[in-house]
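Presented below, as structure tokens, is a lone chain in the form predicted alone.
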């Protein structure tokens, strides 16, 4: 069942070019949907329109089948979590969490029960009487989450909530959010520019560029079957290696038995083959490259090669270290992705 649906939604500011134009988007009920893309692609604007914090210029927005035209943010059955926490500094953790319940006149006994349940859920029991200034960044974010959860909304909207945290806390709260989503069964809509957050948490990813959806699907499908060059190079760390077919020489499409119309080839760094030019495996095409940088990261290493065809990255699981110098790099043909002149994938 569709939890949130946008039909032909447009957003323009004044007489300027629309930042969102004729957008159709379906978010399944109970999903953890991530709006992913570079800065300025419109993901936060979409979230704010769903919340009712910004009015769409055209189109319709439905939440659980209900048309949201004329519905105030407070009546939409949603809760928002922002990157800046937005906590009241003069209130304790408990007071921050129950403030919204007081506003909607939830009886005291029920408020106490809900607050007690939610502070245990997010691990804040021992901090319930502290004020925000005496909490760490991770604890403050948990208060913001608890304040959202306690309302028992149908939909959680999260706008880059982890961006102010250090790497260790981000990883910790990512797993907390995955666990919360499973416990609550609510619809989560999460905005980020960080593909690690998107791939690790999302059940569904909506990849945006310039206010348009470039691809939507599960993390697995969007990684293994990119429909265009933008998706191929945005998803993955390092991004997909891409070389132009014409740089392989005249007649490359027929020589390498590539699909008709192939303008560029791509292969993932984890599929990059590194060799010394001897004993080339069957089905692998190698070309000369110079290793110019390497990152040794414990269980794997990332290598950067400079070649006549462009930069090529290799991601290699732990083993012998590749030394600086000249090597041959390439990929098995079964791991190649082909794209046409418009950047669309050729299946």
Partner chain sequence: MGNREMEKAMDAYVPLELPMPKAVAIQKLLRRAARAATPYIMVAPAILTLCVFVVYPILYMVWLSAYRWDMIGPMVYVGFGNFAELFSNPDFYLVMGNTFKFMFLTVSVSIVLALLLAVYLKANTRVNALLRSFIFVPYVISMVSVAFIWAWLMNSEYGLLNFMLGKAGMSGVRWLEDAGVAMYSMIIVAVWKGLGYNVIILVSAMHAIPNQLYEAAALDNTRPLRAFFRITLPMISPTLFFLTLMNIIAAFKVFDQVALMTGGGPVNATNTLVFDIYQFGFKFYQLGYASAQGVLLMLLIAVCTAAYFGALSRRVHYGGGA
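What we label the rigid core is the largest C-alpha set whose atoms superpose within 1.5 Å from one form to the other. All values derive from a computational prediction rather than experimental measurement. Positions refer to the first chain, counted from 1.
The form predicted in complex with the partner chain exists for this protein as well; it is not shown, and the discussion that follows is about that form.
The partner chain isn't shown here, but in the predicted complex, which of 240 to 248, 129 to 137, 263 to 271, 188 to 196 has heavy atoms within 4.5 Å of it?
Only one stretch passes the 4.5 Å heavy-atom test: 129 to 137.
Counting any non-hydrogen atom inside 4.5 Å, which residue from 74, 277, 107, 259 sits next to the partner chain in the predicted complex?
When the partner chain is considered in the predicted complex, the option within 4.5 Å is 74.
Scan 201, 119, 206, 80 and let me know which has any heavy atom within 4.5 Å of the partner chain in the predicted complex.
Looking at 201, 119, 206, 80 one by one, just 80 meets the 4.5 Å heavy-atom criterion.
Examine residue 113 and determine whether its closest non-hydrogen atom to the partner chain in the predicted complex is within 4.5 angstroms.
Taking the distances in the predicted complex, the answer for residue 113 is no, it never comes within 4.5 Å of the partner chain.
Can you work out whether residue 86 and the partner chain are in contact in the predicted complex, taking contact to mean some heavy atom pair no more than 4.5 Å apart?
Yes, residue 86 lies within 4.5 Å of the partner chain in the predicted complex.
May I ask you to state whether residue 102 is within 4.5 Å of the partner chain in the predicted complex, using heavy atom distances?
Yes - in the predicted complex, heavy atoms of residue 102 and the partner chain come within 4.5 Å of each other.
Non-hydrogen atom contact residue 125 with the partner chain in the predicted complex at 4.5 angstroms:
Residue 125: no contact with the partner chain in the predicted complex.
Aligning on the rigid core, do we see the C-alpha of residue 107 shift 2 angstroms or more between the shown form and the other one?
The answer is no, as the C-alpha of residue 107 shifts between the shown form and the other one by less than 2 Å after core alignment.
Once everything's superposed on the core, is residue 92 shifted 2 Å or more at the Cα between the shown form and the other one?
Residue 92 C-alpha, core-superposed: shift of 2 Å or more.
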